[in-house]
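Next up: just one chain, as structure tokens, the form predicted alone.
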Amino acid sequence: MRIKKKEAIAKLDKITAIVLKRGFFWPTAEIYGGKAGFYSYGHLGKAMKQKFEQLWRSHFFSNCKNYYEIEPSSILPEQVFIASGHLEHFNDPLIECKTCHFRFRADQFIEDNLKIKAEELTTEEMSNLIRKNKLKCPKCNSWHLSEVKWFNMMFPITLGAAGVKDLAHLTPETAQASYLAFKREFEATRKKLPLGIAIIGKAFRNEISPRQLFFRLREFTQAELQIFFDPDEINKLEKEEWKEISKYRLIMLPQKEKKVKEISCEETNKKLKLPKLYVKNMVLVQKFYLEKLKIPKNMFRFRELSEKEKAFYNKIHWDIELNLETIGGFKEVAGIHYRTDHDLLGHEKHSKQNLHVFWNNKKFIPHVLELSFGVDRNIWALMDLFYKEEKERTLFSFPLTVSPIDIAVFPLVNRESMPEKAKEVYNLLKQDFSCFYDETDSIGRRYRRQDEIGTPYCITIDNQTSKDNSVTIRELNSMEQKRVKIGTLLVELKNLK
């Protein structure tokens, strides 16, 4: 689907206007002008984010045994990142204007100006392209640009009192904390594999050029699951488990293909040589997006990364991408990475601690399969994909699973005991649903406000309520209404979940 730039910008501006006005999110320290790459969630955004995170937990944990969530520190000693390779390899290409001293990412600069992919290029290749095409500084239009060089994106911190040099870093990914916790968790959970360690937490990256809203942030939330397993079992699943998914079709864009294909798990395993454990988790991810988040099939795909694109420690790497008009097409929102034993080996070497396990009558370092989700990216993706404009209204058609408010309760008018009855209904529902009560303005305006923030159901108390104790339930997308007795209202709404 071809994205028209003007339409994309217009849509982005409209969504941004709603989220700022209604309390989804806004730039951090906005009254002081804000700072690029930092956003704060308002009450609606926080509610939506919590729902996404809980949905993520329930989906991936309910399908697997021996999976646990931990909550680590966001500050880790420098030795951790020497062992992990972040201090050496966690870099972005930086270029500086010698005239105005504006700094920006060289790969993005090339992609914006030349419309070619630059992520795979070396710093020398990027410098040569910039010179050859006589690209100018995007800020002052100067020709005088520096050579491209690598810039480490870690946030360093000095711990302790002044003059004491004890270096640490804000963690650029939540994954490292799982590797540090592995030995303790393995022993505490009865020494069994596979072992899943999940973290939903903050990560920090000193992005050179934060942009594209939630797609290039300096502080963001990740939901990551590290699955530690015996490498000899990566292509083994229980017979019934494999039979259940073998015919399921994955939406995939392999590296050597130009078009997306739907490929059965059986073909994925045999022809694309993806191991069964990896394929099983691809199924879980796809079902999360298509069935739980209700993402349209044509807006979703797995994309295989090339050798130059993927991290050096990833043996297999497929990104999960969604087609987002506001960001310019398919963009990464998550990834599945087979990290082998790279991380545990590195930490064993530098910490001098034994991280081997004894399992299946042998001693070895477990391998790791990582499921990594950018929570903030996914929140923006939902806003992009579920934003709609109709003749008389603008709305987010969020599924109930992620809508910030489940139900709004209104009295038709602010008299004739309707507000009192409406508050009774509100109190009846608020223990089981996220509810909002409103009695101001006309009923039409109240409906439009809830449509705009994506509330799936509105309940109205009207003149008929006093006669037969019934209310109307209005559904967001169709705007259809039906009458329901208050006595059966709770059961009726739970059936809609």
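Residue numbers run from 1 along the displayed sequence. Small disclaimer: the values here were computed from a predicted structure and weren't measured.
What comes next is about the form predicted together with a small molecule, which is not displayed.
Among heavy atoms of Leu217, some come within 4.5 Å of the small molecule in the predicted complex. In the predicted complex, the small molecule lies farther than 4.5 Å from every heavy atom of Glu233. Although the partner is absent here, His337 is a contact residue: one of its heavy atoms lies within 4.5 angstroms of the small molecule in the predicted complex. Contact between Tyr313 and the small molecule in the predicted complex is found at the 4.5 Å heavy atom cutoff.
The listed set Asn152, Ser372, Thr401, Ser127 contains one residue whose heavy atoms approach the small molecule in the predicted complex to within 4.5 Å, identified as Ser372.
Comment: the small molecule is not present in this chain, but in the predicted complex one of Asp384, Glu207, Glu304, Glu96 has a heavy atom within 4.5 Å of it, namely Glu207. Screening 271-279, 351-359, 329-337, 128-136 for residues having heavy atoms within 4.5 Å of the small molecule in the predicted complex returns a single hit, 329-337.
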